[in-house]
Each structure stands twice: as structure tokens, then as C-alpha cells.
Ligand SMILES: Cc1cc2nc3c(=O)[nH]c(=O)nc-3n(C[C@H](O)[C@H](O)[C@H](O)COP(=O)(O)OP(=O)(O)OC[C@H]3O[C@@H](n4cnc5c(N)ncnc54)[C@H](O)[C@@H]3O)c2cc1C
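Given next, in C-alpha cells, is a single chain: the form predicted alone.
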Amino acid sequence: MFDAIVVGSGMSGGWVAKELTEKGLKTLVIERGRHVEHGSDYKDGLQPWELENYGMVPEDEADKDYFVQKRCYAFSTANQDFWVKDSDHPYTYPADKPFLWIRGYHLGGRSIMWGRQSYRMSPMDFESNAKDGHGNDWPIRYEDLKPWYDHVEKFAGISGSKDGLPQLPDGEFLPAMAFTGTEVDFKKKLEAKWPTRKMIMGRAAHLTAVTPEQEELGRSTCQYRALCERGCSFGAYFSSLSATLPAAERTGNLTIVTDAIVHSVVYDPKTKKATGVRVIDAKTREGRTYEAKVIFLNASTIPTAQILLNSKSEAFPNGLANRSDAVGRYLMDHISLGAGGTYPGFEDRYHHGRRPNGFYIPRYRNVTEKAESFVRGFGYQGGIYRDNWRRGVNAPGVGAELKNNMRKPGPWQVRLTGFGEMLPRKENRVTIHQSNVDQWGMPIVNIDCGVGPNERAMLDQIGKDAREMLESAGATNIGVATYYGGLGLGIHEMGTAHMGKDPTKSVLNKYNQAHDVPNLFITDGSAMASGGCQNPSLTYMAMSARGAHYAAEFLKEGRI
């Protein structure tokens, strides 16, 4: 019997494990994938010529086994073992609504491969559902989460600048990374043309300076290699493996079990509490049960819904904690659309190093500039870098002329990608097949999720605004994507077990505690009642630290 079980070892699960163990709780972390050793299992030290196929996975292998994962920008032979084989992990979706589910099943989860952009949600984000009527009102507000944002930022290490923007609250930052000279020029032109739009350096979970605690955990400053998706042996960016799990391990209160697929949560109708979890050994297919006083589901948005829906009983015939029929519903992602062009001038300059970050243009639509055709808004991530010799891969020419052209840097290229908020809608949902199971006996999930008129209007505006900003700055050869790429590629799944005030409409209360099962907590992306347009991982971290705090307090007080 453990004090607590945490299902999942990624972004949120690692935080829960750290907080609970530091409060003295004997905690079991269950990871469905293999063990990964921080540092020694990474390929971040390999030179380009040392990578198999120069980092490119053979097309026939990618098409056969990684037909979804290959769509992720970070997929390569340098980290191929961090991505699931789609051929081994099936799921379904309607033919007219594909959902591209990017996954990594291993210790540390997607915290190893994430994009590291780290932004707080704002007061307006927590109030939006109540104000415009979409989705269900959050049971908390920004002020409830603010001290926990402070807490996780200080430990994780977030670089950024204090910009005083109400739609993007400032935090506890390490020094910000620097703009390139061309980006400084673009910023001046942008803010002169549109004073209500601001361009800031991206807020990223990279150490630009090291605190004593971070140093004690073996972490050091960013080396500006931009090889982050391989894992970072320096521990320069935040991940479960570089930070939260080592912090939990040093307490002596942590047990980790890998290759254990959680099948369902065990519920006792007499006590009306969860007593443990059933697992399937990923290697032997044998079943076993672990017991604990408190259960945290942090398996990530879609698997958490899968586990709840599979945890059926006489008390919960439609899935555990699902009296509201909200489990699996209100699935969200972020929609995105890219644009780019050639930036003029600065031919006597070049960028320094490979900065693993870019600039950010925070949301301005429906903040300082009204949008007539949609509610909520979007922000842009981007960067301006000078072309190097790799542009020659697709350049016309042969022989001496081509070689001479490649000896000189190419032009500066600017890239903007808009990320927009998706409305929470009940019909966007995850369900499980009743008879179609995977090789481990788990019901396969069906993802039925699509964009609506609001998202389509927003995507149109993202493209128009991007083109206008690039043209105003003097960019040439401008291209704007005509298709957003498909849901799932935002890799920000949220909302399948959301927080809310009304137990008949939501799954969790203001403490991330299940309305119907008092010792069950959920603090991964499934808990989100809305998504804002910011990258959500920092909010998952803050919710996880906060939820773990209350769970420990409630357990101590005998309330659960």
C-alpha cells in the first residue's frame, strides 16, 4: 500500500511526484513505457555525420510504422525511439475528421521532446467561458493559480522578460535570450505600424542562469545547440528526467515502475473511494494491482479519458467519475497556421549560435483589436535567421557555381506561426471501442474532433494578419499556408476531464479533485476547461503542484 499512485511520468506526473514525495508521501509512479536514463540514453552528443541516414528515417519505415509520428517536426533517427510505433498503438477517427495524435511512451514522456515554450494563462483566459458562454466556467481564477505559477517557474527555470502585458502575465524569470539584429528591426517596424501589437522574446524553459537547487540536481545552462528534441545531457531545459523526478528520488519516498499499462482504476462502492489501479505488464501481458490512499491520473489527456472510461462499475456504468457524461468530451487542441518570407537587408550580419527559442507576438485580437468574426484569439511564434549551406539541398545548379554560391550565407528568412484557441465543444470527444482492443487488451480509443466556424474564421485572420505584418516589414517571397495541417499537430490536447463548478456538467472541482471520487485527482491536460492560445504546459505544471498540495493536505486532515 502506497500513500499515492501517480499514473504517468511526463510533464504533470513528474510535478505531482515531486510535490507529494517532498511532503513525505510514499509515492508510486507508474509509466506505461520503457525506462529512459537521463543523459546516457540521449543522442544529443552525436555529430550530423554520425546520425543514421543524416537523421532521416527511411520513407518505407516511416510510412509503415510512424505514419502519424512522422508528421511531427522533431521526428528523426536521433530520437526515433522516443516516438510510439503507430502500427503497434492503433486508434480510430472519422474519415472526414483526422486527428494526428503525437505520442511518446517512455519514462519522462513528452517532456523530453516538448517545444519548451512556457506561458501563463491570463485572468481573461480563466474568465472567457463565463463571458462568452462557450464551455463551462472554470472553478478557479488566475489569482488562485498565480502563486503556483511562481513556484513552478522558480524550480523549472523559465527564461523571459517582464513585459507588463495583461493578456500574458509576467512571471519569475531567468534572463531572456537575445533577439537577432533582424528581429530587433522587425520588432521596431511592427510596433511602429501597430502600437497595440507587441513582440517579445519567447519565454522558454531553458536555463540562462543556474540556481543552487538546479545545480544540485546536475543541471547547467543552455549551450545553444538546438538539439533539444534528442534530450539534453546538460539538463539545460526542463523535463521530468532532468528536474522533477530526480528531486522526488532524493527524498527516498519515490518508487517508479515502468512497462506497466494502467488498465483501470479500482473503485470501492462501500467507501466511495478509489483503492488502486489495475495494470497490464507491457512485456508479459500479465495483470496486477497496486493500491494507494490517493490516485493521480497524469497519463495525458486522451489516455486519462481512456482509463476513466474503462473503469466501469455498477456505481459508474459509463466510466469512473462520469456522472456528468463529461469524461472524454470537450477535447481541444491549438490550431496553427504558418507564414514566411525573405527579410530585407542585414547582408553584413549573421546570427550567433543556434538559439533554441524564438520571438512571440502575444494575442491582440479581442484584446486591443476587435475581431468581428470570432471570439477568443491567437498569438504568433517566430524567428528570423540567415540561410546557411543547407539551402543548397534543393537549390538548382551543379559544380563550381553551386559550390561558390554555398560559400556565402543566403538571405535572412522570417517565419511566423500563429497558434489559436479552440473553443470547448461537447461534441468533440474521445470514446472507447467496446470490442476492438489493442495487443494488451486495452479498448482502442476513437477520437471524434473537428474545427468549427470560429476556428475557421480565426485561421483566416491568422493568415491575413501574418501576410500584412510581413509585407509591412518589407519581406518578399511571402508564402502563407492555405491549410492548418490538422488537429493534433498542435500537440496540446486538453479538456477530456475538465474542471468546473457544477458536478452535473464537469468532472473535477477547484482542487482538481473528482466530484464523485474524493481521493481521485487529475492534473494533466484533461483538466483544462479552456485552453487560451498560449502553450499550456506551464499551466499543467502549476495545476499539478497545486493539486498535489491540496491532496496531501486533505489526506493529512482525514478528508479523503
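On a predicted model such as this, the values are computed, not experimentally measured, just so you know. Numbering starts at 1 and follows the sequence shown.
Just so it is clear, the following notes concern the form predicted in complex with the ligand, a form of the same protein that is not shown.
- Of the candidates Leu28, Val517, Ile491, Val57, Ile491 is the one whose heavy atoms come within 4.5 Å of the ligand in the predicted complex; the others do not.
- For the options Met422, Ile158, Ala299, Val294, the residue carrying a heavy atom within 4.5 angstroms of the ligand in the predicted complex is Ala299.
- Remark: all three candidate residues (Gly13, Cys72 and Gly115) come within 4.5 Å of the ligand in the predicted complex, counting heavy atoms only.
- For the chain shown alone, Gly531 is not a contact residue for the ligand in the predicted complex, no non-hydrogen atom being within 4.5 angstroms.
- Mapping the unseen interface onto this chain, Val7 counts among the residues with a heavy atom inside 4.5 Å of the ligand in the predicted complex.
- Interface residue remark: Pro246 is not counted as part of the site for the ligand in the predicted complex, having no heavy atom within 4.5 Å.
- Taking the partner from elsewhere, Val265 is found to have every heavy atom lying beyond 4.5 Å of the ligand in the predicted complex.
- Judged by heavy atoms within 4.5 Å of the ligand in the predicted complex, the contact stretch among the candidates 468-476, 337-345, 299-307, 135-143 is 299-307.
- Residues Ala260, Ile261, Val262 are the ones in 255-273 with at least one heavy atom within 4.5 Å of the ligand in the predicted complex, listed in sequence order.
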